[in-house]
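Before any questions on how it binds or moves, here is one chain, the form predicted alone, in structure tokens.
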């Protein structure tokens, strides 16, 4: 398993799903998963999906600038993403950073154990 290839594939899948079919992100999280979104902690797949679906915009497009990854000692990997978020109807893109801790599943794939999202204000 090449961590760089796995993290790149995950990032492409996550953000294309977020931009086109946000409810489709539900299967990437489990009941033990935790999201910290702008400082608000949310636990469990259903609560995380509800939070992401309740964001005050329906259409957006993520543009990824960097993806960094490291294997974690538990068979998983840490993935750190930076980029911009373009909201429909807005002239200026928002800068963001997001960190994922991916954990392996028995089916030889990964789920999101931890997810931290922050907008980056200048």
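Here the structure is a predicted model, which means the values were calculated and not measured. Residue numbers count along the first chain shown, from 1.
One more form of this protein, predicted together with another copy of the chain, exists but is not displayed; see below.
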| Candidate spot 17, 25 and 61, all three in 4.5 Å heavy atom range of another copy of the chain in the model of the complex? | no
| Quick one: is residue 69 in contact with another copy of the chain in the model of the complex, heavy atoms, 4.5 Å cut-off? | yes
| query | Does residue 85 reach another copy of the chain in the model of the complex if we count a contact as any heavy atom within 4.5 Å? | reply | no
| said: Quick check on residue 118: any heavy atom within 4.5 Å of another copy of the chain in the model of the complex? | reply: yes
| query | Might residue 54 be said to contact another copy of the chain in the model of the complex, defining contact as any heavy atom within 4.5 Å? | reply | no
| Looking at another copy of the chain in the model of the complex, which residues in 22-42 have at least one heavy atom within 4.5 Å of it? | 34, 35, 36, 39, 41
